[in-house]
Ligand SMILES: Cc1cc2nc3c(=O)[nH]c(=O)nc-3n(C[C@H](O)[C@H](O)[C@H](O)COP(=O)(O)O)c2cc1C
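Here we start with a single chain on its own, the form predicted on its own, put down as structure tokens.
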């Protein structure tokens, strides 16, 4: 699949098959994210991979934390987002480092990394959806991250593998988004888009 086809055909996937994603596939996707441009080449993204029981705990914490927060209209989609995270075999939390202070170009770097990862996953026959509803419960999620010190054999192996790719998995923040990842169990159609002319202003337009 070339880049044009990947961009045209990628869809947000919210239903996943009960089929595991391999560690090698996850590393390929992380590697794609790690090749994104970053402000001043500082590499502001950090990745946290949740599978199995760790992912179940993450979803449980999200659901418990959201119930303690006063409800606002923007939170209407949280229940569905956490259901998606529960169904997907893999959830990747993406965090950023903070270097700049006020002008914050870091989030642009991290967003570029996320987009690379979504396109790479699609090119591999996998599905993803970019989830921001985790931001409502960021303090609870950060407690999980700060308590998980890569103590298990699987986490240690993942850490060693990502270091070989030049990726650093760290515990810095803030949280930017979650990516639900797995084999798609739906084929959603593209919603109509605006024509590019409706979105663009030309200066010294070339005819």
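Quantities reported herein were computed from a predicted structural model and do not represent experimental measurements. Positions refer to the first chain, counted from 1.
The form predicted together with this ligand is left out here; the points below concern that form.
Note to self: Is this ligand in the predicted complex close enough to 11, 14 and 81 that every residue in that trio has a heavy atom within 4.5 angstroms of it?
What the structure shows: Yes: 11, 14 and 81 each sit within 4.5 Å of this ligand in the predicted complex.
Note to self: Just to confirm, with a 4.5 Å cut-off on non-hydrogen atoms, which of 129, 92, 119, 95 contacts this ligand in the predicted complex?
What the structure shows: In short, 129.
Notebook entry, point to check: Taking the shortest heavy atom distance, is residue 193 within 4.5 Å of this ligand in the predicted complex?
Noted result: Result yes; residue 193 sits at the interface with this ligand in the predicted complex.
Note to self: residue 133 versus this ligand, in the predicted complex: is there a non-hydrogen atom within 4.5 Å?
What the structure shows: Flag for residue 133 set to yes.
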